[in-house]
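Coming up is one lone chain in structure tokens, specifically the form predicted alone.
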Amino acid sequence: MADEKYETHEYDVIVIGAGGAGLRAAIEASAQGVRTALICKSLLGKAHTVMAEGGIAAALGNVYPEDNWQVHFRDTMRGGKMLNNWRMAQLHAQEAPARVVELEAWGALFDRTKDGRILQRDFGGHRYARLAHVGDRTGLEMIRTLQQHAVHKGIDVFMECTIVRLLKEGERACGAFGYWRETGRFVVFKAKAVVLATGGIGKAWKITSNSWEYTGDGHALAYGVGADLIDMEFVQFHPTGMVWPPSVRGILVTEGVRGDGGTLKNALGERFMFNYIPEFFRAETAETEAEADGWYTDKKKNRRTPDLLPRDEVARAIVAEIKAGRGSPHGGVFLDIASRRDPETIKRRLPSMYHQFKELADVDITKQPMEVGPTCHYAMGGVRVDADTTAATVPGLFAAGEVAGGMHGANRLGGNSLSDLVVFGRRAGLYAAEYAKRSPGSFTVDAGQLGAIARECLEPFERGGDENPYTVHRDLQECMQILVGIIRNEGELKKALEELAVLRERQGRVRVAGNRQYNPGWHLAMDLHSMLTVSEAVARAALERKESRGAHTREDYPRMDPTFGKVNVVVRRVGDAMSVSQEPLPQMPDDLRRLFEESK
């Protein structure tokens, strides 16, 4: 079967991934007049963007007129522990308002203030209420809007197509090789420019908010053709995922619950977050429950509740409470909105959360607290890109959204993901189109390259192996959950690398039965390559960063080290081996640096 004639399509720009970043990139590339295709692993509209419930962060100033891009930039850099690419954070803060207004012009129906402007809510790490939202279904509304706009533009869409390798001509990317999930037949896409918008890596962990598509495909595709990855040690564990029943463990509970007044409590009924306010935040954070209640009723005091500290701080506090024996019956803590808001307000402001808990856990959140705990949620690390153009270190390759590194530094603030998608999705589409226009009119894809990829894909059917892909995946998730989780140390990270080497060897013995049609076992066998690649990258980068910063916590190096505050950990392929190095951060200009001095 490896010598079959491959179905082939040729475009100027192909976009791999149809979430917020991919859709916005495809819309922009098409608007620039180049032939554009959108390729998605699942069905159009089922992107992981729909899981982003709380809102899209942008300094519109509709609730607090004093909000502006400089404050948003400063919040983003502080949340990322100053490890962000400053230029990406600047562009993001400056351009997010225009992208939100653009979504509204395209039909997004945001909640409104009393005078008819876009309403904004509080979220962790943001000094002002700046998250534009649609109840707790913001990501769904964003995807609906972008999807309808893309279809209206006539962009070609290829659904249920998994891309397994990128193609190169010389040193530049020139397309992609994949297969149709329904038939198993191979398909080749030739392109002058490739945009990666494939999302994250969460399915390598046992407890995750991520859906089945999030297997690190884009990270592995870029790594495979020699692109740099940065910040892979920073994996965000969202503090509030469902913990009960087991069938829904890890499903996201939006930060909007806390943004609308929900409070975290331990089994003793204590609001424990007051015990975990870092010194860095004390000047801006309520220090007593009475003060926090006063903050909530009179926000002009501009004092944040500790329940809305950045996600890494809250996740570590929850883990500490559970380890101290003050957790909930099913191994989490309690999140209470019922005592803070009336039932009708909860149902109106948090409709998805109300139905999610009612239907999945038989909990009425208007009357009872929710049981929540940390869940693997987001990868700050990803493909190293140029801030202005989103170009990767391989010519012809671009990346935007969660698959791209640099924007969020050591920890992402809630709401910054959705604005990241549209700000850099637009830039990826724009600059990929410009690159395509400058590229030569024709190019060839080496037939030997295609044949080798096809043979590799079909090996699980033909080898006499003794491994089941589901067993290997289960053991990978256990390894990452236990050894490369929220709190890490050198011994466990080295053990993880040893186990990953064994798992890689076991992957080489994976055998699947049946044929290529409707074969989920084969699909998982393909995904294992990506998950093992990104898992090794995370473990090696985490071993290299000998400090605790943001979402990366080393119990053997519990403090931030100023030396590591000046470098990115870079992962790249050298031959068949994974290389790890430290490289200096881009220097922030003085005018931006002064913003932090003024804020003190």
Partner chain sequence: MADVTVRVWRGNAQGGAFHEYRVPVEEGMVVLDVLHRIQAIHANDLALRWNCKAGKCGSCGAEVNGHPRLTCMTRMNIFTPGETITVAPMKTFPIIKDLVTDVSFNFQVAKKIPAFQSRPPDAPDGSWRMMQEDIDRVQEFRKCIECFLCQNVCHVIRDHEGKKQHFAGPRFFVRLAELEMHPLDTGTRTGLVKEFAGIGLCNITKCCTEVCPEHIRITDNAIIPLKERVVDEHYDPVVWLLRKVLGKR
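Residue numbers count along the first chain shown, from 1. Predicted model, so just to flag it, every value in this text is computed and none were measured.
There is another form of this protein, the form predicted together with its partner chain, and it is not shown here; the text below is about that form.
Can you check whether E141 is within 4.5 Å of its partner chain in the predicted bound form, heavy atom basis?
Because a heavy atom of E141 falls inside 4.5 Å of its partner chain in the predicted bound form, the answer is yes.
Verify the contact flag for V574: yes if a non-hydrogen atom of it lies within 4.5 Å of a non-hydrogen atom of its partner chain in the predicted bound form, no if not.
Because no heavy atom of V574 falls inside 4.5 Å of its partner chain in the predicted bound form, the answer is no.
Taking 4.5 angstroms as the cut-off for heavy atoms, does G107 touch its partner chain in the predicted bound form?
The answer is yes: G107 has a heavy atom within 4.5 Å of its partner chain.
In the predicted bound form, is there a heavy atom of its partner chain that lies within 4.5 Å of any heavy atom of D115, even though the partner is absent here?
Yes.
Between the options S211, Q481, N489, T366, which residue brings a heavy atom to within 4.5 Å of its partner chain in the predicted bound form?
So the residue touching its partner chain in the predicted bound form, by this definition, is S211.
In the predicted bound form, which of the listed residues (R455, K437, H152, R509) lies with a heavy atom within 4.5 Å of its partner chain?
Only one option qualifies, and that one is H152.
Looking at 268-276, 310-318, 514-522, 335-343, which lies within 4.5 angstroms of its partner chain in the predicted bound form, counting heavy atoms?
The contacting stretch here is 514-522.
Using a 4.5 Å heavy atom cut-off, are L43, V134 and R137 all in contact with its partner chain in the predicted bound form?
Every residue of the candidate spot has a heavy atom within 4.5 Å of its partner chain in the predicted bound form.
Suppose contact means any heavy atom within 4.5 Å; which members of 211-247 contact its partner chain in the predicted bound form?
Heavy-atom contacts to its partner chain in the predicted bound form: S211, W212, E213, W244, P245, P246, S247.
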